[in-house]
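Read the single chain below, which is given as structure tokens and is the form predicted alone.
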């Protein structure tokens, strides 16, 4: 071998990969093309109806609507300031917080109870799971119409079976002190079966050998629930809590059907307030500002939940 050969070989081997890079990129793109084509419809709808809508809301929040005497004009953050100063909005936020806590805790508690009771698969448990999940399949509007008959004063099923035990028959949907709690019942009834599915999936991940070892060591059902099952279900709890809070903000169909936010705004939730501003008062700027505030709160909550899950899994 001559002395010139070692000097020429590295040049040839280092140039070859640079020439193959475009070909490798083209080959990789061709291999991934079917996946991109499958994602394309979802990406188009996501861009149009999610991010596009969010961009439009951001723009509308910065402008004051046109009036017969004035055109559309830029007002900056005035709409957001007007929303924050509106007692109806703050009242809706308070109602939504009560509604979120009052529906999330009972729904999650019932869902965990259902899942623990029906975790073993057999004919009866499968039938009961289907029965408990059935309310999820009923549209909220239809369920609201059903519960309106249940809540009817004097002749409704609730008055017939429970109200007669009380000294005075309550007007479930007409009394400002109890109307919000009455519409919570329908949300708990619908969501408990839905959340049960997540807890059933979480229970599948509990190690059987650990449960058997605890049983052999003499641990009772309560000790196994407290020391093994509930710690293993922490990620499921966190996910279900976030879903429950998001549902509390986005579910408003029953308010439309049953109370229209009344009586005396006692059942007015944030989403119904946005509807009132946009449709009834035709104030798109104020409705968009309220939407932005709601989105910011929900995105902050979601980011906090993801951060908490990442810390639990040892992520960055």
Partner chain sequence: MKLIDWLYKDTPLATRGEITPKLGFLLTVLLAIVWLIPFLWMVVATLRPASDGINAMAELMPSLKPTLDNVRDAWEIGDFPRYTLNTTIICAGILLVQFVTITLAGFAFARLDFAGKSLIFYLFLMQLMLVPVLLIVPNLSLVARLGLYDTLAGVMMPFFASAFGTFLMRQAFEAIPTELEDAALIDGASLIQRIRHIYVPLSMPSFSAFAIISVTSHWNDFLWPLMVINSPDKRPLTVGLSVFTKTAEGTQAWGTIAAGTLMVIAPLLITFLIFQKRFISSFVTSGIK
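Treat the numbers as computed from the prediction; the structure is a model and nothing was measured. Positions refer to the first chain, counted from 1.
Only in words, not in the display: the form predicted together with its partner chain, which the text now covers.
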Close approach of residue 184 to its partner chain in the model of the complex, 4.5 Å, heavy atom: no
4.5 angstroms heavy atom contact with its partner chain in the model of the complex for residue 46: yes
Contact of residue 269 with its partner chain in the model of the complex (heavy atom, 4.5 Å): no
Non-hydrogen atom contact residue 248 with its partner chain in the model of the complex at 4.5 angstroms: no
Heavy atom within 4.5 Å of its partner chain in the model of the complex - the one residue of 230, 77, 210, 138 that qualifies: 138
One stretch from 84 to 92, 175 to 183, 219 to 227, 68 to 76 that, in the model of the complex, holds residues within 4.5 Å of its partner chain by heavy atom: 219 to 227
Residues in 175 to 194 close to its partner chain in the model of the complex, defined by a heavy atom within 4.5 Å, in order: 188, 189, 192, 194
